[in-house]
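The chain below stands alone, shown as structure tokens; this is the form predicted alone.
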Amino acid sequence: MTTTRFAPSPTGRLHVGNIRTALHNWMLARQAGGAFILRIDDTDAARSREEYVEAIRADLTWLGLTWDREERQSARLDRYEAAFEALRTAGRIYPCYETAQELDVKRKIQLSRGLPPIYDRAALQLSEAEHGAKEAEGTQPHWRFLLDHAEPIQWDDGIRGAQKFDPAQLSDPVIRRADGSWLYMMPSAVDDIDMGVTQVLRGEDHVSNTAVQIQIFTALYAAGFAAAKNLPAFAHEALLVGREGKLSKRLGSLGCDAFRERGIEPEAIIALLARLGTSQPVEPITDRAMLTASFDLATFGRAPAKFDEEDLERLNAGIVHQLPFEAVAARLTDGMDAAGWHAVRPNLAHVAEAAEWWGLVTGPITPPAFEDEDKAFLAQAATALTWSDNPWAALTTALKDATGRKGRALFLPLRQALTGMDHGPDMGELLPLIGENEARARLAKAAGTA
């Protein structure tokens, strides 16, 4: 069964890049009828907050990205200990004692010599006596995974195609800090094994991590930690960039709270992020099943995907124009019914704007000052107004025949007198909502005969 996962760290709120990753993994799973796992990567106890866990759940729920099960890394520490011991027994991890400052100096020296800033494996050269001396001093080691330099690391990436890394050009990754806490690399691989993850889709900033984790997978299987099985399929999508064409701090602050405050619909976010960075057109599609069915890693490009807030606003308007009354009824102002929603919907960019347009129905409205000729015309309109299934068509037809007015000269004074505005919802839908008595009163007032 296809199994994907979204693995946020609860050290902050989700931003638009996280949302895109979650959505794409959700779509991969749903497309295949598989499972989507929400995995909370909360091994960093010092920075993880339960309030962020709750916020992650709330944001995914608001977006409609339901998960089939939730896992917590903090509940799986025994599995990481078991993996650690298996790798240590197999000789695939080793203790190191350099401080962060010492490692920084080493990197700077290597860079000054034109060498890649990778760990020099100096800790492997320590004698038993030197290890003993460190322990006697009370120095706690951090632990690195020993990469196998014998063969290149290769995989067929679902987006980037054939990938090949020389492990000798990679640093042996630190998998455990001196205080005993875990870094990302090994626990993530252990989780993917235990949870049966079959596809890992994430940002291209994880490409080198994947190269390392492929060796961790292989080492865990070889050490007997788990029964050997196929590795997950990996795919790495280009990162989002801002409108200006470079990575933007603004993207890191754009989350569900910001979108909600601006009146952005979840479906607009889904419609944009589902196809952003692909060769498929980004359209205001509300049918999530259609978006999911058309999701295809083969359509993703290698160029950075540009996130434009103006595009999101345009999509949002397109989505709002399709929303049925039942989907928005709870968010509309008191008294606004399905006919009212249908009348004002084409004029909205955000659902919240409906209240302002509904004010044209409930009043009061303030018409502009009219010239005498228009006042006489509006007085005639007040007299000519009759009620029918389509009072607007009946009124304008009668006035056109009686006065010879047409186009702007016919329609604009009537709209201004009835709504106080030069533009707005279709008057054929709006006039029945205003009602016969109120409409006649507004015409008479604008004509100065009331």
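Owing to the predicted nature of the structure, the values given are computational and were not obtained by experimental measurement. Numbers follow the displayed sequence, beginning with 1.
Only in words, not in the display: the form predicted in complex with a small molecule, which the text now covers.
Across the proposed site, 188, 202 and 206 without exception bring a heavy atom within 4.5 Å of the small molecule in the model of the complex.
Of the candidate stretches 298-306, 332-340, 180-188, 359-367, only 180-188 contains residues with a heavy atom within 4.5 Å of the small molecule in the model of the complex. The closest heavy atom approach of residue 7 to the small molecule in the model of the complex falls within 4.5 Å.
Interface membership of residue 39, defined by any non-hydrogen atom within 4.5 Å of the small molecule in the model of the complex, is confirmed.
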